[in-house]
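Okay, so here's just one chain, in structure tokens, the form predicted alone.
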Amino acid sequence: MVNTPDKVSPLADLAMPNRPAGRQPQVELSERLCDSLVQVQAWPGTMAKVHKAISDVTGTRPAKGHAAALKGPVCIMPAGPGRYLIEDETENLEIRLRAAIGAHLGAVTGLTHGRVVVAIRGEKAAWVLASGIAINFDPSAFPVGDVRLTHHHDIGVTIHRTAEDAFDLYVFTSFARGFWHWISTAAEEVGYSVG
């Protein structure tokens, strides 16, 4: 049995609600620690076999284009050519993917402790994000279910649009405090609560 360290929130002492006097908050910010987050990189010429291995382990295949593939608690997000971020509730996801893929088909990297998810929801969620991230958040350009890889200044972020007014932002744990500072400051203009 693998002994893994306890998950510790990098934002535990920062997540303070801000409710402007006389009006309702227009966005809600929250933090989520992943149970299992794994990156899979297929070697050249192995995509079909890697897709099958991912399907055998998770019960679903990666989607085409920028779309995330969802099945129950499993979310498979594109993260580059032949590269996927896979999130699941089971803590042995990395071990199962390593066994199914092996070093001859690709690389499997555990990121559970290396990423934190900052979620933003509410009618002004896209507006808040657009104030500091230079991508088009219009649903016609970034539809529900799609994933974008981008950055805020030097902080890399994977954005999964889970609803028209909801986004999950996967951020390096070491940059989570700086990212939270930016997003909560940006949300002050419309008012935010912390869920």
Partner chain sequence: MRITCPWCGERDHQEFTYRGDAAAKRPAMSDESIEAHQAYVYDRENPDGAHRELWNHTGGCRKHLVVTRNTLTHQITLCEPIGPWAKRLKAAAK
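Only a predicted model underlies this, so the values are computations on that prediction, with no experimental measurement involved. Residue numbers count along the first chain shown, from 1.
Keep in mind the form predicted together with the partner chain is missing from the figure; the text below concerns it.
- The partner chain is not drawn, but in the predicted complex it has a heavy atom within 4.5 Å of Ala42.
- For Gly72, no non-hydrogen atom is located within 4.5 Å of the partner chain in the predicted complex, even though that partner is not displayed.
- The partner chain is not shown here, but in the predicted complex it comes within 4.5 Å of a heavy atom of Ala79.
- Contact annotation for Arg83: at least one heavy atom lies within 4.5 Å of the partner chain in the predicted complex.
- Within 4.5 Å of the partner chain in the predicted complex, a heavy atom is found for every one of His66, Ile135 and His151.
- Stretch 127-135 is the contacting one of 127-135, 53-61, 26-34, 161-169, since its residues have non-hydrogen atoms within 4.5 Å of the partner chain in the predicted complex.
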